[in-house]
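In the block that follows, a single chain appears as structure tokens, in the form predicted alone.
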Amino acid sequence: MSGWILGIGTVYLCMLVTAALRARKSNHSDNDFLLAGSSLGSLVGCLTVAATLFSTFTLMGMPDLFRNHGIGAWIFLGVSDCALAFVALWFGINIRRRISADNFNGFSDWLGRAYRGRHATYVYLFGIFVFLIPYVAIQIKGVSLFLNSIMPGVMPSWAWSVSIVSVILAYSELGGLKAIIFADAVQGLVLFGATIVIAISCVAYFGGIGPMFDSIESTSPALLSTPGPSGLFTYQFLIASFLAIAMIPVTQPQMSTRLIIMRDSSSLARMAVLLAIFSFVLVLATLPIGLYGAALYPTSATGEFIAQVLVYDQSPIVAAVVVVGLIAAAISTADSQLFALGNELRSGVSKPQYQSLRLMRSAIVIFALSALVVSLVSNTHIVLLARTSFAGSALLAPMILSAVFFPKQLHRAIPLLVGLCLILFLASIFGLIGDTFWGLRMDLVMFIAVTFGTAIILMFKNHYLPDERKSS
């Protein structure tokens, strides 16, 4: 297997270097570097959006969730991701009517102009930085644990993390968004193919889909119903998770930017349909992998289970593809996130003379180091960490959607309300306040509060904002 890993890894690395150099050569302006020419086609668009969404937790977190909590994970992941594809189409069509790629500089800049003040910009930057840095850390943490499990004598987990961050920084700084999109396309295909192959292998072990469920029913029947063995999939968890995941195209800049740079509306529509199919099949394929783990490795630690099912129980070439694919997934998703964060900081700076690529590149380095630190201190519950990130960023949705659909009724009270809810949600995560209120989960309470609060403000503040210069 080591020979296969070395060979496939070398090919992948050469592809990355070639793509980065070609992208750098074709980047004739800042716009090319930041927006990849704004001509994304439907197939590549689907692959790059899917790659930013499905990362290391696809083959590590999702099977482990099915293994420990049962088929309720399908409602959490499969149904929610298909809804995400619909929201991507709906939001993409409407945001493209408000913003053209030629005039797009970043959502933080656009929100500041829409709300005629810096309040919305600061709240948006705060929200994405606080909740997306942990999401980047998830990619680094997940793949470093995996590599340490299958190659324990090579280097410690923290050294794998440092190596991954180094590659991410080099690649992001060199080729810009064009190079990242190319890496996304390769990663999406590799991840999809490897997942399907392993899922078929797991089903074949049981002798078919029916015998697979019969085997689980005879040993762990709680896995075949909600809320699952540990009661995770309650109706509140599922509703809050559905909203958090469905709002990703609205609130996470690495994905919403890709909607804006699609070639045209027809390409956007085809991309959304392909994304729904991709999501449906990919998440469904992780279910038999998880049930296979529940049957053979029910008490194993996450890293042990993942190493067994993805590497040791597979043929050497499949195992090598999985290893390289997971490294590619971590790099692809993390560099998309870091690139988007750097661009949003750049666009959110008020003075045009500071909106330079140098500032963006410096910001990417700082955010990458922050993600590295978080990855080193975070726990191993990868999917649940991702869900917390999605839930926090989802609180930004009412502020963004208001700017899209009600541009004449905006008021600075909306970003202030969103900022307050973000702080309260953070306080609940760190245990400073309770994690429930009136019997409801705090993330669900905050989403309800920010949604209805924004609606009330829009209804009772139905007037044009004063001119920013007059208000200042």
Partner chain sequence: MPDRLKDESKIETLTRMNFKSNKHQHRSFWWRVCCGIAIALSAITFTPLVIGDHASRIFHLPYLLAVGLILAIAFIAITIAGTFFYPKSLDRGDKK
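Numbering follows the first chain given and starts at 1. All values derive from a computational prediction rather than experimental measurement.
The protein also exists as the form predicted together with the partner chain; that form is not presented, and the subsequent description refers to it.
The partner chain isn't shown here, but in the predicted complex which of W74, F126, F367, Y297 has a heavy atom within 4.5 Å of it?
That would be W74.
Practice problem: Tell me, out of S315, S220, S163, N94, which residue has a non-hydrogen atom within 4.5 angstroms of the partner chain in the predicted complex. | Solution: Exactly one listed residue reaches within 4.5 Å, namely N94.
- Within 4.5 Å of the partner chain in the predicted complex, all of C82, R98 and G210 (non-hydrogen atom): Heavy-atom distance to the partner chain in the predicted complex: all three under 4.5 Å.
*asked:* Taking 4.5 angstroms as the heavy atom distance cut-off, pick the stretch from 152-160, 390-398, 221-229, 369-377 that is near the partner chain in the predicted complex.
replied: Single hit among the candidates: 221-229.
Partner proximity in the predicted complex: A272 to the partner chain, non-hydrogen atom cutoff 4.5 Å: Contact with the partner chain, yes.
**Asked** With the partner left out of view, is R263 within 4.5 angstroms of the partner chain in the predicted complex by any non-hydrogen atom?
**Response** Yes, R263 is a contact residue.
Open item on the list: I'd like to know if D214 sits close to the partner chain in the predicted complex, meaning any non-hydrogen atom pair within 4.5 angstroms.
Closed with: Result yes; D214 sits at the interface with the partner chain in the predicted complex.
At 4.5 Å between heavy atoms, is L189 in contact with the partner chain in the predicted complex? Judged by the heavy-atom cut-off of 4.5 Å, L189 is well away from the partner chain in the predicted complex.
Contacts with the partner chain in the predicted complex - residues in 284-304 whose heavy atoms fall within 4.5 Å: In sequence order, L284, L287 come within 4.5 Å of the partner.
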